[in-house]
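Given as structure tokens, the chain that follows is alone and in the form predicted on its own.
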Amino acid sequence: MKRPGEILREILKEKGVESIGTLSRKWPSGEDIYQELALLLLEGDGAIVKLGEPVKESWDLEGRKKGPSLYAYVRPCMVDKFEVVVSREDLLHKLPDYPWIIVDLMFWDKHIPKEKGKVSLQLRETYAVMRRMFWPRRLAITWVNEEFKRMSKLPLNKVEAFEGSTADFLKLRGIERVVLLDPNAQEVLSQDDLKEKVFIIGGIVDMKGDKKGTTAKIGEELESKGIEVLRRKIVLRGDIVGVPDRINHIAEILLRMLYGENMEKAILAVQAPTHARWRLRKEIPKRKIRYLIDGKLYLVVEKELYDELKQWLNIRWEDFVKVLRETGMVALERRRIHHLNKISVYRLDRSGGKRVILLKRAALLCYNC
């Protein structure tokens, strides 16, 4: 799968165009001006033409400023005055019809007002993700109602805002099988699943904590209408803990995977320290060592564990220390732990076992870093 900006570059290379200028004040900005330029063309907002006289300034296909160019982007009102080099139709011809990313709002009315506001915000951010990484016309929002239209503040004319059900949307397009992204699914999203035409994300925010299993009901509704549903989850090293759960984050992880990134790399690209700490709270206790020193119990982990976890979690040292304090643990350098092990005796107990040290001075070795 390729971004519209990449497809535009390929078309320009085929036509021998090395740089593009502009005759309009409307010119893309940001990290990838050719992605934005491709979206302008796809939205019918102008074309790339060949001029009679070169413009003074242009941008090469890497987005760097160059000198004069005979090729420029112009607005619709000026297209007829020049020879068109790349039009909307040229891009559409090479842009695939799929995949679709659908956000299903079937359970919109189950949300409290604050949750509805969160759903609307996350969908605005999903629209921004689709502009940056793909094409908003491949974002569909189903079960759209009047309340959502008022609250969303989305340019609904630039996405597929469908007032009917997801099943009706799919049947109109002859689609009989979809991937439903569900954190409670049994199977993990695989490379084979990425070949499907449609991916569904539940438009659900659970601030009250009473919507567990709701995404599965979206799948059940689709199956009752004759749609085959592949329920899949996105995991980080075998666990959903630490995987961002906002609608826009899930959409970005999915798009990154469609562009060829592996699941772990895609997750880390959008994982905030907050999400990383969720996983940290689960990972650190797995590595604890219990020491009974002069009658006092210490829970100890290796200080070097931070470097190990940092390779696949977006954590900072302060996050590591914060979770240690929350869990009542201490971190020691590996060499100190080796010393403690030498002077301790291992004894089994109901919690699985601990190392017992009778020397009072050994307690001085334990401290929070």
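In this text, residue numbers run from 1 along the sequence as written. None of these values were measured; they are calculated from a predicted model.
Heads up, the form predicted together with a small molecule isn't pictured, but that's what we're talking about next.
- In the predicted bound form, no heavy atom of L105 sits within 4.5 Å of the small molecule.
- Contact annotation: D245 falls within 4.5 Å of the small molecule in the predicted bound form, judged by heavy atom distances.
- Interface residue remark: R137 is not counted as part of the site for the small molecule in the predicted bound form, having no heavy atom within 4.5 Å.
- Looking at D182, you'd find a heavy atom of it within 4.5 angstroms of the small molecule in the predicted bound form.
- Picking from 199 to 207, 68 to 76, 294 to 302, 166 to 174 the stretch near the small molecule in the predicted bound form, with a 4.5 Å limit on heavy atoms, gives 199 to 207.
- Of the candidates T215, S120, Q271, T142, T215 is the one whose heavy atoms come within 4.5 Å of the small molecule in the predicted bound form; the others do not.
- The partner is absent here; in the predicted bound form, the one residue of R232, K116, R277, R256 having a heavy atom within 4.5 Å of the small molecule is R232.
- Site residues K211, I240 and I250 are all in contact with the small molecule in the predicted bound form, judged by any heavy atom within 4.5 Å.
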